[in-house]
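In structure tokens, one chain follows: the form predicted alone.
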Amino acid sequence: MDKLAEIAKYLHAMLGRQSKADSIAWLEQQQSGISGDSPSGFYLAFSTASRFFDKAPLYVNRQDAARACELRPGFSPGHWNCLQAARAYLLLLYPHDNPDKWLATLDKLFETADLHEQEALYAALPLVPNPALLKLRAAEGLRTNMTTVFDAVALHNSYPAEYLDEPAWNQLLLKAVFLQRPLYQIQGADHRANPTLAQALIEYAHERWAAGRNITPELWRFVGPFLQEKHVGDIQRVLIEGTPLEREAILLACNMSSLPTARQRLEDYPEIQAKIESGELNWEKVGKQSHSTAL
């Protein structure tokens, strides 16, 4: 059994645990109705899946989550609902031996999809065959004004870090910061940090400060590895004027830096340095606390 078939089997099993028998029977019937010769059956099944599956959260226990990561590193179905899982299953059923035909079918599906269908399509990007063919489509999803669609691309999704080029990746991060989305839920964030992004975020911080507005403390995660001597004033400002959470964030950033001045600032706060070194303080904790406070 190939990997896509294994993922489809996994999704079928997950849905089978919490869906009605007639819903699973309908899903299984689609296997014979979906054909590469004519995509009409596929389009119809993708659209009508909402009659058989609701948007109840997909139940994923610890073993399920571990199996998902085995099948596809970064695959995180615990953030999906049953309808998304059913639509991802249908996506995996569609024949993909002809990449041009497969891409044309997917393009049409993206272009005609409603809000919830788009959420399912973008969330399933890491699972589909020929994923590299959808880089432009993923970048387009980042330009949406619909937050839930943006979240489907950006959060709990391994596709952006694996496939987007640097300009598109930086656009994702900047928009996530602007929309105040939880940055700790972006996969591969540390791996894809880069000097261009860090400079853009520093400039964004200066603009917000000039307007008397706050910035997310998570922003410093993407600046830390690229701190320079010219940023020492920014570090000092946060240490003096920032909230306790902002101070912890800027010191986490200092911990990511090899700049001697940044390392010295970290050593000036030995209690926080100890928390960082022990793992008690990390970016996920900062992100969760930041967004719980915002709510």
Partner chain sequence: MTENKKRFIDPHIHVTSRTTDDYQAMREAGIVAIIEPAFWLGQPRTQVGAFQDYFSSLVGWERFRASQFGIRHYCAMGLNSKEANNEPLAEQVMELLPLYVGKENVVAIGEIGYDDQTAAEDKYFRLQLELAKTVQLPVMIHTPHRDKKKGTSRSMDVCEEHGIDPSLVVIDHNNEETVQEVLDRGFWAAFTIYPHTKMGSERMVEIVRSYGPERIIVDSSADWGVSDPLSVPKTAALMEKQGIPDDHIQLVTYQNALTAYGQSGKIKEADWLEADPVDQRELFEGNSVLRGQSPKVGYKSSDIVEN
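Keep in mind it's a predicted model, so treat the numbers as computed, not measured. Numbering follows the first chain given and starts at 1.
Unshown form predicted in complex with the partner chain; subsequent notes refer to it.
Undergrad: Residues in which of 240 to 248, 260 to 268, 23 to 31, 49 to 57 have heavy atoms within 4.5 Å of the partner chain in the model of the complex?
TA: One stretch meets the cut-off, namely 49 to 57.
Undergrad: With heavy atoms only and a cut-off of 4.5 Å, decide whether A113 touches the partner chain in the model of the complex.
TA: Flag for A113 set to yes.
Undergrad: Any chance E162 has a heavy atom within 4.5 Å of the partner chain in the model of the complex?
TA: E162: no, not in contact with the partner chain in the model of the complex.
Undergrad: Find out whether any non-hydrogen atom of L44 is located within 4.5 angstroms of the partner chain in the model of the complex, and reply yes or no.
TA: Contact with the partner chain, yes.
Undergrad: In the model of the complex, is there a heavy atom of the partner chain that lies within 4.5 Å of any heavy atom of R137, even though the partner is absent here?
TA: No - in the model of the complex, heavy atoms of R137 and the partner chain never come within 4.5 Å of each other.
Undergrad: N98, N130, T148, N194: which sits within 4.5 Å of the partner chain in the model of the complex by any heavy atom?
TA: It is T148.
Undergrad: At 4.5 Å, heavy atom to heavy atom, what parts of 251 to 272 sit next to the partner chain in the model of the complex? List them in sequence order, or say none.
TA: Going through 251 to 272 in order - heavy atoms within 4.5 Å of the partner chain in the model of the complex - there are no hits.
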